[in-house]
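As a starting point, one isolated chain is supplied in structure tokens, in the form predicted alone.
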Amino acid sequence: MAGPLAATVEPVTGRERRKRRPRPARLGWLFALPAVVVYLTFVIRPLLLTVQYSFYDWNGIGAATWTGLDNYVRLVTDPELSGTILHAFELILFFSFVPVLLGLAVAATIRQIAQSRLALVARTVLFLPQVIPLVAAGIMWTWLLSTTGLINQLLSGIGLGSLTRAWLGDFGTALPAVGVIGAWVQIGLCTLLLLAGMSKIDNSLYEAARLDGAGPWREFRSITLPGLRQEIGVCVTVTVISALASFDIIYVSTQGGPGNATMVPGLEIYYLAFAEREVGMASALAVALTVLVLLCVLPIQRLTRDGTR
């Protein structure tokens, strides 16, 4: 009986076997299709249109005139336009390096008192600028840094009245003052990211280092910093992008002034497109800014990735 029955069973071919297999990849793309359509429509398409507009002289209403690379040549040769990019790189010192360095120091300090209520209060207070709208932060700091603001009042109160000035209205101090606002906003995010990274470092490494006679600085340099390589990369990436794409704080506090002392690419793009009606030039500056962001961020990501292998 077994022989005839076995003969009636037809072998399953490879093609039929493949048909019976589930298609998780195709099913996944089906679920992702709405998000992909939205991304292509509202991100990729505007990006491609911006690149197209950058080769034209267009006021946003009338007919566009092909100019080739003239907008990009002007971007390099015009001191006012190239100066905005230099200002953005100067802001990296305040928006990125200062928050990361201070965040490391503050996070290491909070880690030492992690079980106390003071640590919880410190984390909350430091992260507060992240939940405050940047417009509100800009207005608040504009009041603090005005000629009659709290900063000048404190300087006068401790006998340093000669140092008082309109911090946001002085050509020499306007850009650093804006940088201080950005550093204040970013330090809380960097501190929390670094604290999260410190929590994953094995405490036995610190105990072994103390048994070998290592001090706090040696522990920080040999254990904490190598263990935070990925978190530091994230902090630097986020803050560098924030510096290069800064707009809100500067628009509220200085609007690019005095003169062009605090003019940055994001604000210049806004003025070119909506005030001066030079959509082509604004698009060229936007494309250049995108390329600069990628050139700054990709090496940071590569270094971080290499450090985690």
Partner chain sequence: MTRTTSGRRPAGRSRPLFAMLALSGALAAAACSAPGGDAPATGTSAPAAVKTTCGTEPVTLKGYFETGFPLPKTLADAFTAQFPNVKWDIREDQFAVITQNAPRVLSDDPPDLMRIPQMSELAKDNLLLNLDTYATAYGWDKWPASQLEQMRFGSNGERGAGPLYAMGLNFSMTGVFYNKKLAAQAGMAQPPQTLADFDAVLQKAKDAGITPINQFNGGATGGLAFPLQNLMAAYGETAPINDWIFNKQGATINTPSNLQATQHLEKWIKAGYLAPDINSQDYAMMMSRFIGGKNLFIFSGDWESGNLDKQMAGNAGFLLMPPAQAGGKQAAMSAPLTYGISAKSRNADCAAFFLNWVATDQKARDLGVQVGGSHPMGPTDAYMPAVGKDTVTASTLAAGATIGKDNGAMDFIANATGAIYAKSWTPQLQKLAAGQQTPQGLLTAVQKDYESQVKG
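Positions refer to the first chain, counted from 1. In this text, all values refer to a predicted model and were calculated from it rather than measured experimentally.
The protein also exists as the form predicted together with the partner chain; that form is not presented, and the subsequent description refers to it.
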query	finding
Output flag, 53, 166 and 275 jointly within 4.5 Å of the partner chain in the predicted bound form, heavy atom basis	yes
Heavy atom of residue 63 within 4.5 Å of the partner chain in the predicted bound form	yes
Any non-hydrogen atom of residue 80 within 4.5 angstroms of the partner chain in the predicted bound form	yes
The partner chain contact in the predicted bound form: residue 259, any heavy atom under 4.5 Å	yes
Residue 263: touches the partner chain in the predicted bound form, heavy atom cutoff 4.5 angstroms	yes
Residues within 4.5 Å of the partner chain in the predicted bound form, restricted to 209 to 230 and counted by heavy atom	none
